[in-house]
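First, one chain by itself: the form predicted on its own, in structure tokens.
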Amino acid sequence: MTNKQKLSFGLMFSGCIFLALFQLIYKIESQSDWQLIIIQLRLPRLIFELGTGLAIGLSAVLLAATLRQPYLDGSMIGIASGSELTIALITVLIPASLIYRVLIGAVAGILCLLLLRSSIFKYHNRVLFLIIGGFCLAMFFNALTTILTESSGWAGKSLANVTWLDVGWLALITLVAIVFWQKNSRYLDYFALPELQTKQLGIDEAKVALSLQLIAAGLLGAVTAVLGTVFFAGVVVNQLIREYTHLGIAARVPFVIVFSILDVLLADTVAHFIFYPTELPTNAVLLVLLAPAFLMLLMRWSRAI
């Protein structure tokens, strides 16, 4: 890691700390309420934001690497939208299940992944088919969710109602993901090689890809249960770090995670405080904040043509 890369990482990490402290203590006007506000409301929300940033960033890297398609993330191929649809359906039918929404989201994300692996993932070498097929599926799931929740009163897509139980489920899912990560992360850089070379090296690519994709789907589904689908966020974050650090896949992971966490913290800070006490949807604010970054990427790519 070069000095410039270390400095960039340090600045992003410092930004995360600043925003975290800001969210915890800003606009607490009554001394008698600070413990209730921080411990019961802001701290679980903040912890969930950290997990959300990790999930969006890491899932984007893992899916892009294992599919060998750098311009994909879990929102573009239907994993996030499929999870959101499943959560909406179950909670509309069984409102009491809402307390398990993070667990339901993780399971739904994995089921969506298995559906994709048995269908459009088989054609991952045909880039256009994979992108269009995945995005059409995502839009279909998103449309069904809108129709289902239009008059149901289902409350989703908000970090304002995060509970400690949500945090607990996310922590458990993250712990399971860490176990899978420890077993398979050393193979991540091999996905930069052609498939033929990985076979010659004796690597069971299909098994490793499945394990890494399970991590991505489980984490993304879990945070989608609360945040809702955020289209393109993962691919923008991943590509920004890729373009400006030129790091390999495995070395890029910490940068992507910290930058993704920074983006989520910034988006939720704006969503929560800019029109306080009125709250904006964090996923919408995140898309607005990342739009200029996407335009920067397009201009950078156009100059390279």
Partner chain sequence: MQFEELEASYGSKKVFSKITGEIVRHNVTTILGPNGSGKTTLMLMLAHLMKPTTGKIKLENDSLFYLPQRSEVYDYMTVKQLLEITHLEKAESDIKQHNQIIAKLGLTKLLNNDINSLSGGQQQRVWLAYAFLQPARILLLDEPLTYLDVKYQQVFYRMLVQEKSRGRTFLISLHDIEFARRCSEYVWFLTPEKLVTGKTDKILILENILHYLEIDSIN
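Positions refer to the first chain, counted from 1. For clarity, every value in this text was computed on a predicted model and none was experimentally measured.
In what follows, reference is made to the form predicted together with the partner chain, a form of this protein that is not presented.
*Every residue in Val107, Val176 and Gln182 with a non-hydrogen atom within 4.5 Å of the partner chain in the model of the complex?*
Zero of three within 4.5 Å in the model of the complex.
*Among 196-204, 93-101, 114-122, 217-225, which stretch has residues with heavy atoms no more than 4.5 Å from the partner chain in the model of the complex?*
Result of the contact check: 196-204.
*Would you check, heavy atoms only and a 4.5 Å threshold, whether His272 touches the partner chain in the model of the complex?*
Output for His272 is no: heavy atoms all beyond 4.5 Å of the partner chain.
_Exercise: His246 in contact with the partner chain in the model of the complex, heavy atom 4.5 Å_ = His246: yes, in contact with the partner chain in the model of the complex.
*Is Arg42 close to the partner chain in the model of the complex, meaning a heavy atom pair under 4.5 Å apart or at it?*
Looking in the model of the complex, residue contacts with the partner chain do not include Arg42, since no heavy atom lies within 4.5 Å.
*Any of the heavy atoms of Ala192 lying within 4.5 Å of the partner chain in the model of the complex?*
Close contact exists here: in the model of the complex, Ala192 approaches the partner chain to within 4.5 Å, heavy atoms only.
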